[in-house]
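Take a look at the structure tokens below, where one protein chain is shown in two forms, each on its own, as structure 1 and structure 2.
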Structure 1
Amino acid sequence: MNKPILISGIQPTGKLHLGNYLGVLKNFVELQNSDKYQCYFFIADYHSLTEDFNTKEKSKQILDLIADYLAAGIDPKKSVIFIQSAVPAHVELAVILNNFTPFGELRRMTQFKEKSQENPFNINAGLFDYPVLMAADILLYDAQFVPVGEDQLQHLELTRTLARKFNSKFGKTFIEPKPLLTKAPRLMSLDDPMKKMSKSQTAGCLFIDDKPLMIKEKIKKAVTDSGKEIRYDPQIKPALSNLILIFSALSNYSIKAVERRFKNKGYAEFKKELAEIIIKTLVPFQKKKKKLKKQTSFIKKIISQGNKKANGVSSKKLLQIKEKIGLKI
């Protein structure tokens, strides 16, 4: 019996932080190792072009992200790892789907509105059309499941709408993918618990490549709340609650167990142990990544194999789609 297909990707736009590790990479590995799915994990480099980028840095970012995948535990023997731009069918299907995508559907996308407000000088057509390319990424592989955070649910719903619309017009062609909602914690900035952890705010961001000394320094400087009690309460103690969330996510402790562990103990002791558990998690990952980055030919071989597999599957699907709409002669 064939396993259901699952697909997801990450944009190569710079160093990943702890929130990315817990919310995406760790989740990818768990899904792969559950043995329930045939997993496709790709580098969403076309999507990354919607933001301002440095040409010289882009290829380095792609290789660095592949190293992140492998160091985290994504296994090319179990999953297909590929680069979006190496598979032409993605953009070809996006062009086709554009003709069935109502303008109004794209205009109401929350992420487009938010990113346009964040960067009013770079409101480009690629950002506006992002959800259609995302739909193509998914539909090409007959993916039944897509691991997403809540911020991507609207895009996935558009994918389902386009699949349904196409099927209604041309006959059963696409599978309507279902979301697999990630249960990852939403990590906030270490220096401002009202803002999400972001690589653009380096002081409050824990990068997965940060060295132990840097991790200790950032945790030591992390803001806390008034009072001495170590208690999880996002409303009254948002800064401390964020730190407790990190501790819980990286250990076998529930939030209640963390509270019990540090009952009658001070912030300094809690922060010291928190830094240690972060270091204990990230150092083995960093060592693997450092070793992998020296094996460029090995990484390129994995990508070549993944690209070949993805091209084989997607080109076959694209031919079927072209036949349905009368483009295959």
Structure 2
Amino acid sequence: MNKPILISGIQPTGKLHLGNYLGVLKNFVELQNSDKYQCYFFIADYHSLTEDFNTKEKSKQILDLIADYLAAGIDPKKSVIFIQSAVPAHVELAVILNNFTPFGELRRMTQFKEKSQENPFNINAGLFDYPVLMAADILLYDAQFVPVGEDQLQHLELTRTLARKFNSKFGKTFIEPKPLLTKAPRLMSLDDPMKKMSKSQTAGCLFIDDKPLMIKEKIKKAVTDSGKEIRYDPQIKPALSNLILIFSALSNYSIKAVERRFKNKGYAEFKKELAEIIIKTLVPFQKKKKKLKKQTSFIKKIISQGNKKANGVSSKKLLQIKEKIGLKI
């Protein structure tokens, strides 16, 4: 029996942080290893062009992100790993879907509004159209599930809307995909619990490439709330709750168990153990990544095999779509 299809991607825009790791990457590996899905994981390099970039850095960022995928445990024998820009059907379907996407829907997208505010001198059409390319990324593979962070839910809702709209106009063509969230779908910044941990706000990020000393320093400096008690309460203690969530997501402890473990103990003790747990997860990952980064030809082979598979699946689907809308003679 065919397994349900699952797809997701990450942009090669710089080092991944703990939010990317706990929000998606760790989950990619767990979902893959559950053997319940046929998984596709891609490098969203076209999406990454929507913000300022350096041409020399871009190819390094792509290779680095593939190494992140592999070091975290994505296995090319189980999952298809590919590069978005090597699979032209994504862009072709985005061009088609553009014609069914109301301008007003795109204008109200939170990511577009936030990024436009952050970069007022680079509000480009690619950024505006980002959710349509994302819809194409997903719909081309008949994916039923998309593991994402909470910030991408609005885009995924648009994908579902476009699928429904297309299906009702041209007959059943697309599957409406569902999101898969982790228990840390929106990790907050270490220096401001009101802001999402975000690659573009490096000050509040703990990067998965950070070395143990840096991890200890960042956790020590992470803002906490007033009071002494180690208690999960996102309303009253948002900064501490974010740290408790990290502890829980990286250990076998539930939130309640973390609270029990640190009952009558102070912030300093909690933070010390938290740093140790993060280090215990990240050091083995970093070692694997270091080895992988030397194996460029191995990485290129995996990617060329993945690109081939993704092209095979997506070009067939694109042909069906073109037929439906009368573009095939």
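Please note that residue numbering is based on structure 1, beginning with 1 at the start of its sequence. Nothing here was measured: the structure is a model prediction, and the numbers come from that model. Each form is matched to the other, and the largest set of C-alpha atoms that superpose within 1.5 Å is called the rigid core.
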item: Structure number, where the criterion is the form predicted in complex with adenosine-5'-tetraphosphate; value: 2
item: Core-aligned CA displacement of Asn264 at least 2 Å between structures 1 and 2; value: yes
item: Residue shift check between structures 1 and 2, rigid core fit, Ser241 Cα at least 2 Å; value: yes
item: Shift of Ile302 between structures 1 and 2 at or above 2 Å (CA, core fit); value: no
item: Core-aligned Cα shift of Thr202 between structures 1 and 2, given in Å; value: 4.0
